[in-house]
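We begin with a single chain expressed as structure tokens, specifically the form predicted alone.
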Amino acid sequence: MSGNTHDVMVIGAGFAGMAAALFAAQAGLSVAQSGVTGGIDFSTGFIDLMGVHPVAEGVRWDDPWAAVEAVSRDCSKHPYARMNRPDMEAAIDGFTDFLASQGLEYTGHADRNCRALTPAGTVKRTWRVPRTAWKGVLALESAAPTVIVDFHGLKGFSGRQLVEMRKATWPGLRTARVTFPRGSGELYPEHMAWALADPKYRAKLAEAVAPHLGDAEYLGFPAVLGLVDPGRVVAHLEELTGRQVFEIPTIPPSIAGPRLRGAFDRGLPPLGVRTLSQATVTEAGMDRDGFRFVVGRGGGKTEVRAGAAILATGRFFGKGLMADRHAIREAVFDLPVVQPETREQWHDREFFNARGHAANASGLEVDELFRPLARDGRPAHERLFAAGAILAHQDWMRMKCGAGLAITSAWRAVQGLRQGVD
């Protein structure tokens, strides 16, 4: 297909949308993708597979595959219950291989979650971390002498808070606050990252932290060490300081999100993906032959026709689901949404209840091919698929499975699509 007609239209530009566009393009399909990238900009950069189940009991898992088995057994409608481990591994490996090709390498333990530091000083179990964060995992595991560096004027990251949170089990952890070598006053991670692309500012930064190194084996920084090629910045700082260097995400929006967005902005068009960035679907229709979309508004409208479509629009933050005074609705096709019977049942009276809120498991019911179901229980369209947070029967935020669910369900959606195309 050519021009404004494509094999598949991917609606959404978060983790699920990016993964679906990637997998579809790698399968040889012509792809158009629309959506705003606000959601991915708030990512920590970690790829969670499965960390907590049951959420009401707060049970945390070191083995994410055992957790996937448990949730599939206990919650038969959870999207993971429709997947198998080889497909899930292939999906995440394919996703991280693509990121590595764009200069963002990921790593982790072979068979268990790693424990990564958060900007609040807590520890998060996650499956894969950016390689620039990996030595922080090793430093935490060994409780080795470590200095956490923060900066005058940078909000959203406090070395002092990190030390206070971890000092009971990590006595060799300390902090140093220095002046960033370029600029003063209020600092922003993206501006700092661009500055550190210049080796002369890395040299000045190394000079600033040198008096604080002492016996430290590791040196931790907020995630500001470069925007496009952070691995090179980390390697240079290790050379300059003689210490093992790692990054810790700042409070969102951190630099991790723009790094991911930039990787897809660079990498998807060469694969043939037509990206309609920062534009949402404003009209949608479907018939037996396929789909028609209008993307954008006013003079910037674009019409796209596609033989198939993948909904990866997210939940409330991504605006894939909309809530009014009476019901939760799907935003593009007005598909039926699994939700509590009444609005009074949406939320628990206790906001911080460990069980979460029923509304947070709302979403689309799908079949084995990840096709959303219509009100009669049949697929809404033979070639309409769904992936990511818009799927029902999961609370990705509390289960700590957001990116993993997005990537693996995108893989399954593309598999389902290919079954229809082949």
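These numbers come from a predicted model, not from an experiment. Throughout, we count residues from 1 along the sequence that is shown.
This next part talks about the form predicted together with a small molecule, which is not shown.
- prompt: Given that the partner is absent here, does residue 47 sit within 4.5 Å of the small molecule in the predicted bound form, heavy atoms only?
  reply: Because a heavy atom of residue 47 falls inside 4.5 Å of the small molecule in the predicted bound form, the answer is yes.
message: If we define contact as a non-hydrogen atom of the residue within 4.5 angstroms of the partner, is residue 226 a contact of the small molecule in the predicted bound form?
response: Heavy-atom contact with the small molecule at 4.5 Å: absent for residue 226.
- prompt: Is residue 362 one of the residues lying within 4.5 Å of the small molecule in the predicted bound form, judged by heavy atom distances?
  reply: The answer is no: residue 362 has no heavy atom within 4.5 Å of the small molecule.
message: Test of understanding: in the predicted bound form, would residue 16 fall inside 4.5 Å of the small molecule by heavy atoms?
response: Yes, residue 16 sits close enough to the small molecule in the predicted bound form that at least one of its heavy atoms falls within 4.5 Å.
task: Work out which of 36, 354, 358, 369 lies within 4.5 Å of the small molecule in the predicted bound form, going by heavy atoms.
output: Only one option qualifies, and that one is 36.
- prompt: Of the residues 194, 317, 188, 201, which one places a heavy atom within 4.5 Å of the small molecule in the predicted bound form?
  reply: Result of the distance check: 317.
Region of this chain that lies against the small molecule in the predicted bound form, out of 92-100, 132-140, 204-212, 277-285 [heavy atom, 4.5 Å]: That would be stretch 277-285.
task: Check, residue by residue, if 40, 252 and 313 all come within 4.5 Å of the small molecule in the predicted bound form, counting heavy atoms only.
output: Yes: 40, 252 and 313 each sit within 4.5 Å of the small molecule in the predicted bound form.
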